[in-house]
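Only one chain is given next, in structure tokens, and it is the form predicted on its own.
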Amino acid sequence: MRVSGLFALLVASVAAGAAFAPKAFAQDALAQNGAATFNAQCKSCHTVTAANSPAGPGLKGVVGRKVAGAPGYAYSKALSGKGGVWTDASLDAYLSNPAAFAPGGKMFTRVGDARARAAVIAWLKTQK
């Protein structure tokens, strides 16, 4: 391969990597914002460990986990009866309006801003 061919290959490789870098950077920034929102609004009742607190279940690995599925936490009947697993969409609905998602549930704090909810969910996905 000639030098010009190597240069073209190098330029194409760098360009391809750069095309993916902004998305990865945006996800990292979103998750960092989620950590800040979690610490401001959620941390008083929840941990991001496997341990539950008296006020709420531990949220380590919550994305993909069965709804009301943290071992040892006494969930409300409302949330226990929901079924399914925590997905981006179900977490968004729950964080948006817990009382509408599971009427009679224990959670009372909501994350009203859609961007803040997306950030919290992105951050929770990193807590495995």
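Everything quoted here is computed from the prediction, not taken from an experiment. In case it trips you up, residue 1 is the first one in the sequence shown, and so on.
Omitted here: the form predicted together with a small molecule. The next part is about that form.
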Practice task
Give a yes or no for residue 41: in the model of the complex, does one of its heavy atoms lie within 4.5 Å of a heavy atom belonging to the small molecule?
Solution key: yes
Contact test in the model of the complex: residue 118 vs the small molecule, heavy atoms, 4.5 Å
no
- Is the gap between residue 49 and the small molecule in the model of the complex 4.5 Å or less for some heavy atom pair? no
_Using a 4.5 angstroms cut-off on non-hydrogen atoms, would residue 31 count as touching the small molecule in the model of the complex?_
no
